[in-house]
Every structure is written in C-alpha cells, then in structure tokens.
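Let's start with one chain on its own, the form predicted on its own, as structure tokens.
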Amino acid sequence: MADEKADKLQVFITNLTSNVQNIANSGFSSMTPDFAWLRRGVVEVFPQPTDVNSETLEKRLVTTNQPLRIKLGIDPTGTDIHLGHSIPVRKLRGFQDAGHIAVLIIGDFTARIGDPTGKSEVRRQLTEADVAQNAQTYLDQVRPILDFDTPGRLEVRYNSEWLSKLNLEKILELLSTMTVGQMLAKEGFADRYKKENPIFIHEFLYPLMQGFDSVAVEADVELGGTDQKFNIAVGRDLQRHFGQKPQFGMLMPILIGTDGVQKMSKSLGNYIGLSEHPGQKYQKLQGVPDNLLKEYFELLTDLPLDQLPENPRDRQTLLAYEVVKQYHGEQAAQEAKVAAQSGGMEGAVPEFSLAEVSHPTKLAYILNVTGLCKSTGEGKRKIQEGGVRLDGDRITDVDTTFASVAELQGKVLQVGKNKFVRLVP
C-alpha cells in the first residue's frame, strides 16, 4: 500500500515537473491554459475548426513562443464613447493581462470616410482637424480600461501612417482582391442597392482599408462587434494575399441600451457615456432593466456570474457601483452610492436655476452665470478648447445658443473633469 502511494506521488511530481518545464521552455511564462476569460462575452471566434487538425485560437495561444498581436480599430468619428463601445476594449485589456500585445489602431484615415456598415446613406466625410480632436478624446476615455503603463503591452497606431502612402498601383491591387458581388453582400450595401440609395465608390474602399490595417500591423487576432465580421474577414483575405498568416476574428455582441429594446446609441438617448459624471452613470445603471442585468455584468465587469445577488435591485446597485468604480475609482463610486441612497440620485451635482436667465441665451453666458467659468470670455475659450459638455456631449461651437429653458432643463453642464451643475427650471 505504501509503495502504491509512493508511486502515485512520484507520478504527480513527474507530471508537475513536466508542466513547469513546458512553461519555462515556451519562453512565455504568463501563458495559461485557462481560457474562461477568453470566451467570456464572445459571440463567435472564426474561422471554426473543420477537423481535429485545424488550428484554433486556443491552440495558437498555447503553442506560441511569443506574445500575439491583438488588433482593435476605432474610428474617431465622434467625440465620445459609450459603454457599448467599451466591450471590445475590455477584451483587449484581457489579452494584455494574459501577456499579449494590444494594438489599438486609431482610424484617423478611415474616419474620413466612415464605416458604411449598417448605414442607409453615405456618411459625412470629416476633416483632418475633426478627426485629430476626436482621436485625443477617445484615448482619454479608454485610458481607464487599457494598460498604458506596462512596457511592450500596448501599441497605439494611426492608420494614416500607411494608408496615406498607398499609391494608385497599391490601391488597384487591393481592389483586385474583391468582386463587386462580394462587396454588395456586405451588410447595408445590399439594402441600399435594392432601395436604389446611392453607394459611392469610395465606400467600397473602407473594408479594404480596414483589412489592410491588419496587414500593416501583422495582427494575429482582430476584435470587433458582430457587425464587423465582414471587415475582419476581408483582413484575413488580405493577409493571405500578402503572404501573412491570417488573423482570427473575435466578435462581441452589440450592447442593448438602457431602454431595454434597441442597441445603445447616443442618437436614441439610451446610452451611458464613459465621460459622464459618476452620479449620472450610477443612476442610469441602477435603471437597467432586470432582463439585461446578467448581460451587462458579463460584458462590462469581471465579476463571477454565479455569485451575483438574487434580488434584481441588489444586482442593479452592484452593477452601478462596479462600473463607476472602474472609470472613476472607489471613492467616486462610494460617493455616488451614498448620494443615490440619500435621494441625491445624480451624485451630489449642484443645481442652478435658469429662472432668471432670459432666452435666447448663449452657452458662454450660461457658463459664466453658473459659476463654471469666471467670465463669458473664459467660457468661450473653454468651448473652443473642447472642455465643455452638456449631458456628456462635447460642444465646440462658441456661438451655441439655446432658445428656451426646455432645451436645457434637467441636463448636466460640465467644464473640464471636475466642474458640474445641473440646470433646472
């Protein structure tokens, strides 16, 4: 009996030694075979294996002797990011924590066209100045999510670096990799074609340019929402065309907004912005419908889903606290929680009555009378610098004017990161 125990112990030690040696030989000691983090909140990883010998993403992760390059592209077509946009960014952070290289591509070139995916009409082309300003705000907003500090774990690239240098010969080569029929199969294009809505030739270039980004940075994995499958697949085709190993695509769901019906969108008013005041964010998250709570926890937090409170109200409170803590810190989350419990649902944002303000009135004047700025002149400067937001929306036009109190009531006016007032009648 003693010999049998000794034999089992020896086998255990041998296996443990072998596993440790395998990790050491890999040259990448942070690798782990536990892929629970990898699949959390993921709708699809493609291509799927066709047989037992096919390479999978997990196999590539286990067998690699160097960090993989994980690509996420964001086009700075606006000034703000909401929680729906944060989902692939959080997955990018997961890869960083597993020891891989996050390659965040700021689409300063592609943003001038705009992704036509899901659009019923051509998008307005932005100026270079618009894109540059938007890009900086995007980086500021994703900073709480990504690891910007660990050397070698993040590359921030701008695709104008390579796309602006493409000559006509190279553009023709890109165009030759895809047929018109394939392009018309892309989401949105087919509907527009059937409805005889205009499709401009430059829009066909968008997925090819996004795909060429994968070639330029030699991506191993590209992250995106489910609406990005076509573009990511084009990246695979172009990598193959240029003699590279094709990337894997990892797709995440489109977050349903706070209305519980439609996807989160600023235009629909059902969004929670990353740059919003902690109190605002807390209040909105406390109102997330019960049927969406599990999805919000899965996509927006790292909390174990099998350890969530049973009571929906407790779940809402925990969700609000955890998300606010991610972006604003423990103290801000606690203050927002206390304010909500005491009835100050907006996280102790002071109020300013518009009763004595005559309308129409300029935003710069409101900034002065509310005390957010020392003068109307300072208000104009803050607006020009991009430091003024109304309910999370950045305002940059110094001549912005409001015709009535109804346009402002209930909204939070913000200057910089720490000055807020709620405008009331």
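For every residue, the number given is its place in the sequence shown, counted from 1. Keep in mind that what you see is a predicted model, and the values were worked out from it rather than measured.
Although not depicted, the form predicted together with a further copy of the same chain is the subject of the following passage.
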| property | result |
| --- | --- |
| Candidate spot 172, 199 and 205, all three touching a further copy of the same chain in the model of the complex (heavy atom, 4.5 Å) | yes |
| Interface stretch in the model of the complex with a further copy of the same chain - options 320 to 328, 69 to 77, 146 to 154, 159 to 167, non-hydrogen atom within 4.5 Å | 159 to 167 |
| Partner proximity in the model of the complex: residue 311 to a further copy of the same chain, non-hydrogen atom cutoff 4.5 Å | no |
| 4.5 Å heavy atom contact, residue 180 to a further copy of the same chain in the model of the complex | yes |
| 4.5 Å heavy atom contact, residue 184 and a further copy of the same chain in the model of the complex | yes |
| Exercise: residue 109 in contact with a further copy of the same chain in the model of the complex, heavy atom 4.5 Å | yes |
| Contact residue in the model of the complex, chosen from 209, 288, 221, 251 - any heavy atom within 4.5 Å of a further copy of the same chain | 209 |
| Contact assignment for a further copy of the same chain in the model of the complex, among 113, 233, 354, 142, heavy atom within 4.5 Å | 113 |
